[in-house]
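In the form predicted alone, a lone chain appears below as structure tokens.
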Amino acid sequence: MDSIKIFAPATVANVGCGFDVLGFCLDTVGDIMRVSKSTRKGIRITAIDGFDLPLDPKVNIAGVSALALYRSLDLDFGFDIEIQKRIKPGSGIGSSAASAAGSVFAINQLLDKPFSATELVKFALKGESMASQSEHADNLAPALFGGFTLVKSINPLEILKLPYPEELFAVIVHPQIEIKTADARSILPKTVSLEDAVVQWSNLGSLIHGLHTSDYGLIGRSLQDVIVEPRRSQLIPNYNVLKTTALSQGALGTSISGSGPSIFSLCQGEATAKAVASAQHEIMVRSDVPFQTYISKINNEGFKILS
């Protein structure tokens, strides 16, 4: 192939108790990217539609990742990248990760897949770290592997793909305000109490077990974050009422998607997801904050080749 068009999915990171290590992939929201081979050496970003982002590949997240991959090879040609940006930057649903991972996924396809998904995460980390000022793969991993993923380690990089129940749906409420990942990280505590740490890793272990055993009740009881959510929720308008409403409509659990401001709720079945989305929609309509809502099954494929 000389050109490829892909769907670059949005993702939910942290998933409550899994700060910086757990994430899952969404199916109904994402960017569209086209990458084409060029006779000119190097990486170029030729067009971005949707948001005002830099075309210079050295300061564009997709470009930084692509350059990391490109420089690892000795090629006598280059690549041009076009981005239809549909995931709002600073939304908390993996906007930067979609760009960072999308460019390297597409180039890898055009090169007949010399790199594994884990190796692609390494390249994509270079772009993602520019956005958040730290290396974390909890958005990148589910985009590239699909489904639920656990980042066991960054150095050395080790990513585990997790099973999950078939009828698991996600509802996303995205208040149209921007929270930069770097800013959201700056308000987090440098140390936590032993009591909170024990609760957090108990919840994470229980959530992983619930995913493996399709125990929806255990999944719901484990979606509790006692470290990050209490601080970041203060930045999100209507957060507490949106969470309470989701739980009253049958959601398994609700928490902050990534660094916010998006809020996710996991639900058993599409009917419950629709009820949660409808109730949360009514709350947001009454507020003065513009918003979007999404309902999505878990996307087990990750990136999708469109043409």
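Only a predicted model underlies this, so the values are computations on that prediction, with no experimental measurement involved. Residue positions are given as counts along the sequence shown, with the first one as 1.
There is also a form predicted in complex with a small molecule; it is not shown, and the following applies to it.
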| property | result |
| --- | --- |
| Proximity to the small molecule in the predicted bound form, single hit among T181, S222, N108, Q200 (heavy atom within 4.5 Å) | T181 |
| Contact assignment for the small molecule in the predicted bound form, among K161, H212, R185, R86, heavy atom within 4.5 Å | R185 |
| Contact flag, N139 vs the small molecule in the predicted bound form, heavy atom cut 4.5 Å | yes |
| The small molecule contact in the predicted bound form: H174, any heavy atom under 4.5 Å | no |
| The small molecule contact at K122 in the predicted bound form, heavy atom, 4.5 Å | no |
| Contact label in the predicted bound form: G258 to the small molecule, heavy atom within 4.5 Å | yes |
| Candidate stretches 238 to 246, 31 to 39, 258 to 266, 62 to 70, one within 4.5 Å of the small molecule in the predicted bound form by heavy atom | 258 to 266 |
| Non-hydrogen atom within 4.5 Å of the small molecule in the predicted bound form for each of A13, F19 and R232 | yes |
